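For reference, the chain that follows is the form predicted alone, supplied as structure tokens.
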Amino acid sequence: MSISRRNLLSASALLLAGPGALLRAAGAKPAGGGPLVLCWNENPYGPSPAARAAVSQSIAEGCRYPADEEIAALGAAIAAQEGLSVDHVVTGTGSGELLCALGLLYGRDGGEIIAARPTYDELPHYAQRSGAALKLVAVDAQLRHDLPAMHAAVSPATRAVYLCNPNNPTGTALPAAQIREFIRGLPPAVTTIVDEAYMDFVAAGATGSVADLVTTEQRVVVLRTFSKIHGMAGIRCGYALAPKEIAATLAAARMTSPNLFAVRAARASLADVDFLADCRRRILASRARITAELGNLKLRYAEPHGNFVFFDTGMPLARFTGLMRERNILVGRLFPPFDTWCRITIGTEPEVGEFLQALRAIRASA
């Protein structure tokens, strides 16, 4: 495949024009008439200009492994951002790899892990396949983690509790103070795994990170990812913050080595603060636009703090997804027991407009 000089110059101009131009370009519909994909919680505005440039400039070195110094530099950059020493940081091929490794570490040989239902299932499912005894606790009436019920579920066999905050797929968030109190009330041997993949989209004052707890005596692991606000879902990079002993054990359990593009793009993206702030602003504005329309249509929704909204369609989900597919829009899958609820990813402004137009048409014909 050849690239014309004009196309090359156009791409370079976008990279140099800053976040605004790139975000506007991301709003264009893909060529070829493909479906509008609003089902995977992807950030349609990333990677940032700096991350794209880092990947582009590294193509010729794709035959090389990333140098140990580069991997160390990424860990140091993450540590500096988090205000921690580097021995609290573990990088991985997406936070998913680290979630699977934690599921293996705490679930093997029948170890008991407690999680919400529904929640992000990568850790629970992997742990169960590795022999874990999984104990699922239903979310409360507000579709948030039911911390009292989860605490009551703890037994002498419990090795870890998994909290996704904000939660996926519900989008709800618990105040950090409640999570801290919950952790303090756990037996000393139980590790709390807090998945903060969507923390960058939280409404002001709703919650906060508990990453500072990794420097205390409490057994806490916090997960973060470059797949969401950084828009690097297809590049695969994430990290964990943990007490030094747990961090060392987790690092030894990783299943892959980092790839060159992820290491360089992640480090570049961390510094591209203007682009990240613009992404957040646009996604939160579109989220408010969606919830306002859901209110107008009298459709119930969970209070959202991610880059998606979980709402009651008022009909079996299979029917709703079929009606959306007829309009060339792909929306979220089923999350039992919420068989009429849909998780809709927040796309670009034009994509949100297209989804809302389809939603109004479906409601009008229901």
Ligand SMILES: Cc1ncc(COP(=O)(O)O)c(C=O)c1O
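Residues carry their position along the shown sequence, with the first being 1. None of these values were measured; they are calculated from a predicted model.
One more form of this protein should be noted, the form predicted together with the named molecule, which is absent from this view; the next part is about it.
Participant: Does any part of Tyr198 reach within 4.5 Å of the named molecule in the predicted complex? Heavy atoms only, please.
Facilitator: So Tyr198 counts as contacting the named molecule.
Participant: Val161: heavy atom within 4.5 Å of the named molecule in the predicted complex?
Facilitator: Output for Val161 is no: heavy atoms all beyond 4.5 Å of the named molecule.
Participant: Is there a heavy atom of Arg236 no more than 4.5 Å from a heavy atom of the named molecule in the predicted complex?
Facilitator: Close contact exists here: in the predicted complex, Arg236 approaches the named molecule to within 4.5 Å, heavy atoms only.
Participant: Is Lys228 close enough to touch the named molecule in the predicted complex, meaning at least one heavy atom pair within 4.5 Å?
Facilitator: Lys228 belongs to the contact set for the named molecule.
Participant: Heavy atoms within 4.5 Å of the named molecule in the predicted complex: which stretch among 96 to 104, 131 to 139, 153 to 161, 208 to 216?
Facilitator: That would be stretch 96 to 104.
Participant: If you check Tyr126, Phe261, Phe182, Tyr120 against the named molecule in the predicted complex, which one has a heavy atom within 4.5 Å?
Facilitator: Of the listed residues, the single hit is Tyr120.
Participant: Taking the named molecule in the predicted complex, which residues along 239 to 267 bring a heavy atom to within 4.5 Å of it?
Facilitator: Nothing in the stretch sits within 4.5 Å of the partner.
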